[in-house]
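To begin, one chain is listed below as structure tokens, in the form predicted on its own.
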Amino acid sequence: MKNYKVAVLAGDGIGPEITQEAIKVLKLVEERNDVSFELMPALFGACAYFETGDAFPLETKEICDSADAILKGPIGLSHEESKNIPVDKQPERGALLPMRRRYNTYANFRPVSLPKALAHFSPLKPEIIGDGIDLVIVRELVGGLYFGEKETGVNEKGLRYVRETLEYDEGQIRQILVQAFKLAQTRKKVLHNIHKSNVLKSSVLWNEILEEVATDYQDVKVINILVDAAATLLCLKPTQFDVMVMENMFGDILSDQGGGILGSLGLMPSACIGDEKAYYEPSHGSAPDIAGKNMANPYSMIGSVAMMLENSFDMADEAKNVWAAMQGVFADGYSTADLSKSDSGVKMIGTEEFGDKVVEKLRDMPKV
């Protein structure tokens, strides 16, 4: 039997609710396979700050260091609540970015998947969705503007100012492009390179490195597209995309737009992978306005479990079963209040019941 250690960081807001449903699925995976998961819960985010004074406390770092993979829930507070935490210790700056830096999880994979049967979730017209949307955004995660030097102060004119640096070196660019090309080889062998080289020198270097890397992947067709054009085409013709690769901030923005074309970020899990460690998380925030109301759909958190099974534990077939189980619940006409309106014709259920139905579906599937 294979044994794995999983650090479980439930996070803030709806995080504990949707994490609970993901753990139900993970426990069933144990029953169905010759595998065991040692779940190691730890504080992370605002909840950690209020209890320990640190959004990423030492104990949590030690647990994550010892884990084979990390399952992380959403973190953060409302704008007003965030004011109760010093700016540099707020969850995103005090926990999330330090974790990415600590484990060099430079490759962020965000699938944007909407089968035709679930097209009713999307705000896009049926003729735009066609037979369904199935693309992956590959985002560089530990460089660029978010990780550059930051400076604030008052200038010689007495005006407050801010200076933030966008910096990449060729090694950082090369490693994410290699990951994108490898993924494209396993799919449709088309890679859309998203850049802004008409303005940004960082994109000029990015494109130079891409041309060098592309010589090792001549079976992959590269299509270069400006980021603003890509944003437009994600709405007008998303089915043309398969694998899209881009730098950190572009990926942050376009992957959220990907959630928009699906109808909700609640339908977007993600994998954040480095050479030694990976963590898996929903792409959405902690939704404090619906926390504790049994309204949040756990799809993105359970989907993150599926990505963990495939990428960290070599259980691709069981991961496919988890995806099919979740989509089967939707196909049966069920949804939650955060994804659908009460008059939309679906059978409205809560967070726990959605998780239970996923478990039922998965339990009935043939074992792999």
Ligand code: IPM
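A residue's number is simply how far along the shown sequence it sits, counting from 1. What you are looking at is a predicted structure, and each value in this text was computed from that prediction instead of being measured.
The protein also exists as the form predicted in complex with this ligand; that form is not presented, and the subsequent description refers to it.
Trainee: Answer with one of Tyr217, Tyr146, Tyr168, Phe121: the residue that has a non-hydrogen atom within 4.5 Å of this ligand in the model of the complex.
Mentor: So the residue touching this ligand in the model of the complex, by this definition, is Tyr146.
Trainee: Within 4.5 Å, heavy atoms only, which of Val142, Leu135, Leu96, Ile273 is in contact with this ligand in the model of the complex?
Mentor: Here the answer is residue option Leu96.
Trainee: Just one of 222-230, 205-213, 148-156, 88-96 has residues with a heavy atom within 4.5 Å of this ligand in the model of the complex, so point it out.
Mentor: The contacting stretch is 88-96.
Trainee: Give a yes or no on whether every one of Arg100, Arg110 and Glu281 sits within 4.5 angstroms of this ligand in the model of the complex by heavy atom.
Mentor: Yes.
Trainee: Residue-level question: is Asp242 within 4.5 Å of this ligand in the model of the complex, judged on heavy atoms?
Mentor: Answer no; every heavy atom of Asp242 is more than 4.5 Å from this ligand in the model of the complex.
Trainee: Sequence order please: the residues of 199-227 with a heavy atom within 4.5 Å of this ligand in the model of the complex.
Mentor: None of them.
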